[in-house]
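In the block that follows, a single chain appears as structure tokens, in the form predicted on its own.
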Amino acid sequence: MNLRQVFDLSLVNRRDEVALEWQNTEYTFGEIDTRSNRVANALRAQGLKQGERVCVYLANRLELIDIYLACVKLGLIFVPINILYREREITHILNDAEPARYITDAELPGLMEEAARQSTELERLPLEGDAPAALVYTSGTTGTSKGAIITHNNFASNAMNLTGCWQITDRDRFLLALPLFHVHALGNGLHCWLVSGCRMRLLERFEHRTAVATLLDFRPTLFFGVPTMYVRLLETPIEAAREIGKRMRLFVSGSAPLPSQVLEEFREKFGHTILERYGMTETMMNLSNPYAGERRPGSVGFPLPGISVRIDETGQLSLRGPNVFAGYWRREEATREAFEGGQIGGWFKTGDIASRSEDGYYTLHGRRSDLIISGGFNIYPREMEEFLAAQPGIAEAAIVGEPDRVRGEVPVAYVVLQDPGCELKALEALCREKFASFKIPRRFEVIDKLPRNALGKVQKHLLCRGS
């Protein structure tokens, strides 16, 4: 069964029910279905064929959903690109994915104008569940961005797990403020909406200044967020927080660790215990605190149905199940290295260190690598380190994560200068020109040399402030 057949639970069976609110306009599931059929026919008229890639560089908007559903229906591979990325990062993805079509704000009007002249009917194509549905790019410790191949089956099993375990139904009102270029919003948010048939309001982005007004106006029962959002929501006046909490059924947090203090403060103010879960780009959701049961602070709960988990002697968590991706796009060696024994479908090595309590709750203790997670976005230091070291006047550089209450962590650069006259302000400006904003170091610290062990490996823990 492919995703189109799964989505028909709502697109066909709930055609006349309100599906989506976008910019003060309501759309039924039937309207969403016919809009995406028109876009699919337009893309097919342009010669796109099953298995070809469509790269999309767009902020949250109705048309992004149209394009995604059109890709699903045609068997095209959807490739979302982080809208914070700059030319250097975008170029790498375009070169790697080799898309048949690249859609940005500039190309979108022409596509939608052509789609408006197309038929609302679309024939059904034979498509197996193991066919790729998306390439979601995620960086590795080498700093090289790799495309994780997510299949129709991967997406479907993930959505079925979450709608079942979190009891998401057509009675829910779902507020989605996460970016659809991220697997959190795409793999969890969009798919849970379409499988459950709930009513969703899509926001272009999370605005903490207007978040309370939006929550009070829409009166959601379901909200997916990252820890940064929940930190911001702690600023909500107590009366408003209680009003929001009265109508809410479930707050979910992911993409970065949720501080226990934030969970406790949020429970005190909103009257809800945030449900924390654990997932990855390559696997989507792996473990979750229970919907009915203790949501333990600092824990990510239990493996979801069908997902097996084990911890090796070094503490590394590995897993297998129908949620695990089909490998990295055109990266056979990287794919083999990701699985124990090099066998796809076997145990996937997450790179996360974890422990299991006697009563079965899992707790994460960090990455084996030096991954930094800032506001829900992954930052792999080597990419920035190599860039900095290549600049005139810089001998070497190291990026480490520093704790931050709002974003969880922020990157800090430690640089060794070749030229004492090197201007750090100019270096920071160059970084802002070349990289996404969340990757830019919060500070640049000049040091005489990087601390190394006997094997020459940089000891980053010695660079952390206060160590």
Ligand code: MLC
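The structure displayed is predicted, hence computed values, not measured ones. Each residue number is its position in the shown sequence, starting from 1.
A second form of this protein, the form predicted together with the named molecule, is not displayed here; the remarks below concern that form.
A heavy atom within 4.5 Å of the named molecule in the predicted complex is found for exactly one of Arg199, Lys73, His152, Arg277: Arg277.
Shown without its partner, this chain lists Gly375, Gly393, Gly129, Pro303 as candidates; in the predicted complex, only Gly375 has a non-hydrogen atom within 4.5 angstroms of the named molecule.
Across the proposed site, Arg405, Leu450 and Gln459 without exception lack any heavy atom within 4.5 Å of the named molecule in the predicted complex. Of the candidate stretches 315-323, 157-165, 215-223, 180-188, only 180-188 has residues with heavy atoms within 4.5 Å of the named molecule in the predicted complex.
Among residues of the shown chain, Arg117 is not one whose heavy atoms approach the named molecule to within 4.5 Å in the predicted complex.
For the chain shown alone, Arg432 is a contact residue for the named molecule in the predicted complex, at least one non-hydrogen atom being within 4.5 angstroms. Proximity of Ile344 to the named molecule in the predicted complex: non-hydrogen atoms within 4.5 Å are absent; the residue sits far from the partner. Residue contact with the named molecule in the predicted complex: Arg232 places a heavy atom within 4.5 Å of it. Of all the residues from 204-228, those having a non-hydrogen atom no more than 4.5 Å from the named molecule in the predicted complex are Arg205, Phe206, His208, Val226, Thr228.
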